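Next up is one chain by itself, shown in structure tokens, the form predicted alone.
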């Protein structure tokens, strides 16, 4: 993917996050093309050398990989708009929108293309995204290329298309759930005596450390919890109080409710 040109169509919050993550990882800014109706909102990318335009067709013609970073309701009209510029044998199509199937994308593009659905999250901005991917009509080399692309902004995992909506909830919406948990921890820290800045620093590093324990050790969260819960100790007292208040149940209910919301769309 080093010399490939990538067009990010509809470069809003997620598109910006991906573009910044790619550039921070060393991807050549000149090989990125970003489109948006109001190009003034992309001036920070332009300053870094990214080609910025409001012309989607021109962007597609100049690219090898076309990333649709638009809202789900905009995917069909934009695909039909750029269909004439998409070329079989040249372009790889990647869609980041929730709820749009590979079959939809193939139909609306009107071309025989390798097509990918990808669900990154906003941690791409710091090259720590969890990106879930599925594809249709892609070769092994094309799968490797798209994996390399998203590996530049974090970790990539291939899943079955039937799990893509669930991936949206756990991986993309999950960022908000984790941040809300962190906010609550920070508020608790303030109540027990820390100023907001110090509490934020403690909670952020603690969250990072907890994640690395699971990632690097390959352990289950409960086994790591057992290591810090002693009989009659303060940790188990706090955990039990949270569970009595429905902590785990509330989180699970929230995840399931979000999933049902997607299913209805």
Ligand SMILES: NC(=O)c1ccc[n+]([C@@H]2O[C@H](COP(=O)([O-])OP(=O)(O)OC[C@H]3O[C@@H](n4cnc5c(N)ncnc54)[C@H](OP(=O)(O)O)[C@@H]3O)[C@@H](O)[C@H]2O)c1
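Numbering follows the first chain given and starts at 1. Because the structure is a prediction, the values reported are computed rather than measured.
Note that the form predicted together with the ligand isn't included here; everything after this is about it.
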Contact with the ligand in the predicted complex, heavy atom within 4.5 Å, among 70, 59, 45, 65 goes to 70
Exactly one of 86, 96, 146, 164 has a non-hydrogen atom within 4.5 Å of the ligand in the predicted complex; which residue is it? 96
Pick from 101-109, 132-140, 186-194, 70-78: which stretch has a heavy atom within 4.5 Å of the ligand in the predicted complex? 70-78
Decide whether residue 12 counts as a contact residue for the ligand in the predicted complex under a heavy atom distance cut-off of 4.5 Å. yes
Please check if residue 92 has a heavy atom lying within 4.5 Å of any heavy atom of the ligand in the predicted complex. no
Though only this chain appears here, would residue 120 touch the ligand in the predicted complex if you measure heavy atom gaps against 4.5 Å? yes
Answer yes if any heavy atom of residue 37 is within 4.5 Å of a heavy atom of the ligand in the predicted complex; otherwise answer no. yes
When the ligand is considered in the predicted complex, the residues of 161-176 having a heavy atom within 4.5 Å of it are 172
